[in-house]
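First comes one chain, alone, set out as C-alpha cells in the form predicted alone.
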C-alpha cells in the first residue's frame, strides 16, 4: 500500500476540491483551507458556464489545450460516476456536442471559425456542417433563425454549482478537514496567519486569483454572465453565436435555466455587470429565439479568470526553507484561464501521477 501522505490544499475552487477528493480516495490525509466560505463559493468555478469544449477553444488557444481537453472528456464521466454513487441527486452531465451558428450577415465569421479548426486540428477536425433541416432535427427551437450551423461532436457540459457542492460533501464524508475563512499566504513560505504550515508532506496552492499577491505574473480576465429561466425554449446543446464584436455562448442547465456569456475583458475589476454588457447579452439571446424575450433574469454575475501571459496553465514545484523542522514542498497549480472545466481533470491526474516527485528535494517547473 502506498505511503499515506499529509496534504494541505489552499483554495477551495474547482482544482482544490477535485484534488482534495482524489487524494482522499487514494487514502491520504487532506486539510483544505479557503479564505472565504466554501459553502458559498465565489470562485471563478462558481461563475463559469462549465463547458468541456476542446474544439471550440482550440481556435483561440494552443493545440495542447485541445489535447488536454480531449483527455478531460474521457475522465469526467468516470469521475462523475464515482461521485454520484451515494448522491441523492446526480450531478448533471451531458456530452451531446455543441453548435456554432451565425446570422447570414455574419456567416464569414463562422466560415473563418471552421477554417481555423482545420488549421489547428487537421485530420483531427471532426466538425461538420448542418443545413437548416439537419439543424431543425437537432435544435428545433433555434433552427428558424439560421441557414447553417457547425456541429462539434462530443463536447460536453455539466451543472457546475451542483458539482462544487457535491465535491465538498464527499470531501467531508471521506474525512477531509475543511477550514473556512483561513487564508494561506505564500511569500514564499506557506503560512496560516503568522505561523508556518508545518507537518505536511506537500502543500498545494490552488487559490486562483487569490495567489495574485505572491504571483505577480498572474492576471485576471473578467467574464460576465447572465442566468435566465424560461419554459418557452428548449435546448439540448450548448450554442455559440458568432459575431464580429462578441461571441456569445448559451448553455442549458437543469430546471429550464440557461447561462449566457460573451464578455472577455482584460481587467482586475470585480464590480457588478455593466448595463452595456447586459444589453448585449440580452440582445444576442433574443436573436437566437425571440421567445427568450419572456425569459426571467435570475442572476447577473462577474468574476476574474486567473491567467498568465500565455493563457496556459502551470504546475510549479518548489522546496522552500521553512522556520519549522523541515522545508516545505509547495506545488502551485494556476492559470487555467477560461478553461477550468476543460483542463482541471487532466491537470489533477498529472499532479497525482507526480505526487512522489513532489516530496523530493529537486525543484522543477512544468
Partner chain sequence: MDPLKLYGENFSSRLLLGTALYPSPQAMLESIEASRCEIVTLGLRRQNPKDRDGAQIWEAIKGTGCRLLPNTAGCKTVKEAVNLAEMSREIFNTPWIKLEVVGDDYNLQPDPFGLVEAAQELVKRGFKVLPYCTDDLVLCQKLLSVGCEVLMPWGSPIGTGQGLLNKYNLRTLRERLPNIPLIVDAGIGAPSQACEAMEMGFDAVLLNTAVAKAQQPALMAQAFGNAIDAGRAAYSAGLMQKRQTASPSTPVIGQPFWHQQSRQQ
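Positions refer to the first chain, counted from 1. A quick note: this is a predicted structure, and the numbers were derived from the prediction, not measured.
FYI, the form predicted in complex with the partner chain isn't displayed, but the following is about it.
Among 211 to 219, 92 to 100, 166 to 174, 192 to 200, which stretch has residues with heavy atoms no more than 4.5 Å from the partner chain in the predicted bound form?
That would be 211 to 219.
To verify the annotation, which of these, 311, 41, 303, 31, has a non-hydrogen atom within 4.5 Å of the partner chain in the predicted bound form?
Of the candidates 311, 41, 303, 31, 311 is the one lying within 4.5 Å of the partner chain in the predicted bound form.
Exactly one of 187, 85, 123, 105 has a non-hydrogen atom within 4.5 Å of the partner chain in the predicted bound form; which residue is it?
Looking at 187, 85, 123, 105 one by one, just 105 meets the 4.5 Å heavy-atom criterion.
Does any heavy atom of residue 327 come within 4.5 Å of a heavy atom of the partner chain in the predicted bound form?
Residue-level check for residue 327: no, no contact with the partner chain.
Is it the case that residue 243, even though its partner is missing from this view, gets within 4.5 Å of the partner chain in the predicted bound form, heavy atoms only?
Yes, residue 243 lies within 4.5 Å of the partner chain in the predicted bound form.
Evaluate residue 60 for contact with the partner chain in the predicted bound form, applying a 4.5 angstroms cut-off between non-hydrogen atoms, and reply yes or no.
Residue 60: contacts the partner chain in the predicted bound form.
Given that the partner chain is not shown alongside this chain, does residue 119 nevertheless sit within 4.5 Å of it in the predicted bound form, heavy atom to heavy atom?
It does: once the partner chain is placed as it appears in the predicted bound form, residue 119 has a heavy atom within 4.5 Å of it.
Those residues of 329 to 343 which, in the predicted bound form, come within 4.5 Å of the partner chain by heavy atom
Just 337.
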